[in-house]
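Only one chain comes next, encoded as C-alpha cells, the form predicted on its own.
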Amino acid sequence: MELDDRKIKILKAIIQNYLETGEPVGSRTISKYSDLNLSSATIRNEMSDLEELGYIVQPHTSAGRIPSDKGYRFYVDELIREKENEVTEMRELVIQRVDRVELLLKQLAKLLAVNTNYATLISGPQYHQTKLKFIQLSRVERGKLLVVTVLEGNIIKNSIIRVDAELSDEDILNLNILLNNSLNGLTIGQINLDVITRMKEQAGARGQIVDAVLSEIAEAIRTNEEDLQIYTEGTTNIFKYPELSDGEKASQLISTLEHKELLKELLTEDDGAKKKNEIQVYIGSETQVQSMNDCSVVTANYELGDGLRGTIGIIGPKRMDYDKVVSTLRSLMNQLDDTFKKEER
C-alpha cells in the first residue's frame, strides 16, 4: 500500500498537531482541518491504514495516534524537499527578473543617450540595509553544507561551508528552523551579540556551525551591497561639445565613465538626502569627481517595486539643455512607476 495525497495530508496534519500539543491526535481533531473536508469515519479508516503502514502508533487503547519514527522520517524528508523546491523555484524567478531588469536598464541608458545627446549612466537596483528573508542549509556531501541565503528582493547567494561533525537530517532541519526563526527580517546591523549568543546557546554542540553560517550571511549581504552594477551609454557624445572635447579633458572624462568606483561615488554621494523620484542637478565643482568640473550632472532616483532603488545620471556640458533633461527624467520616472505598479497588482 502506497501513500496517496489524502494519506499524506492526514499524516502531516497528525504530526503538525502533535508537534503543537504533545497530545495523541484523534480523527475528530483532524476532521476540523478545513482543507481536508473528510468525515471522521473516513479519517479513521485512513489512520488505520497509516498505522498498518507504520507511520503512526496508538500509545494505548481508545487514545489518538502519535507519529512513529517512520512517520517523523517521512515528515522531515518531505519538509526538506519542499524547502529545496521553494529555493529552486525562487532562484529561477530571480534569474528571470534580474535578466529582464538588466536588459531594461541597458535599453533606458541607450534611449536617454540618443534623446539627450549626452552621456548617460544608470546604477542597477539595490537595497539599502538589506534584510534577510530566508536561509536554507542542505547537505552537499560528507563534511560540506550548502548555505542558500535569500535577501530582500529575492536576491539569492550560495556558499559552501565545511563541518567537522556528521549531521543527521534532523540536525540540519533544527539548524534551519533556528536560523530562520532568529534571523528572518534582520539587517546585518541587527544581528548583534545578544542574537548570536542566544542562537549559539540554542544550537548547543552545533554552535560552531552557527558561527560559520553567520560569516557566510554577512559576506552575502556585504557583497550584495557593494556589487553595484552601472550601465553607461553615449560616452562619445561628449566629443560633440568643444569645451569637453579637448584631448586631455576628454580622455579624463572617458576614463571616469569607465571607472566603476568613481561612478559609484557620483551616484551615491548624496544618498542620505535622496528621495524617490527627486531630481538633483550638480554644476561644475558641485560634484566631487574632479574630471567632471567642466560638466553638469543631473540625477534622478528610480524604484522598481519591492523597494529596489537605483539612480539615473545624465552628464553633459554646463550649457546643457536643463529643461529637456529634467523633463525627460521626470517622464521616465513616471513611466517606470506605472510599469512596476501594474506588475505588483
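A quick note: this is a predicted structure, and the numbers were derived from the prediction, not measured. When you see a residue number, it is the position in the sequence shown, counting from 1.
A second form of this protein, the form predicted in complex with the DNA, is not displayed here; the remarks below concern that form.
Enquirer: In terms of non-hydrogen atoms within 4.5 angstroms, which of the given stretches 294-302, 279-287, 314-322, 44-52 touches the DNA in the model of the complex?
Expert: Contact-bearing stretch, as computed: 44-52.
Enquirer: Heavy atoms within 4.5 Å of the DNA in the model of the complex: does Gln58 have any?
Expert: Because a heavy atom of Gln58 falls inside 4.5 Å of the DNA in the model of the complex, the answer is yes.
Enquirer: Test of understanding: in the model of the complex, would Gly310 fall inside 4.5 Å of the DNA by heavy atoms?
Expert: Judged by the heavy-atom cut-off of 4.5 Å, Gly310 is well away from the DNA in the model of the complex.
Enquirer: Within 4.5 Å, heavy atoms only: does Ser39 come near the DNA in the model of the complex?
Expert: Yes, Ser39 lies within 4.5 Å of the DNA in the model of the complex.
Enquirer: Is Gly64 close to the DNA in the model of the complex, meaning a heavy atom pair under 4.5 Å apart or at it?
Expert: Answer yes; at least one heavy atom of Gly64 falls within 4.5 Å of the DNA in the model of the complex.
Enquirer: Output the sequence-ordered list of residues from 279-296 with at least one heavy atom within 4.5 Å of the DNA in the model of the complex.
Expert: Going through 279-296 in order - heavy atoms within 4.5 Å of the DNA in the model of the complex - there are no hits.
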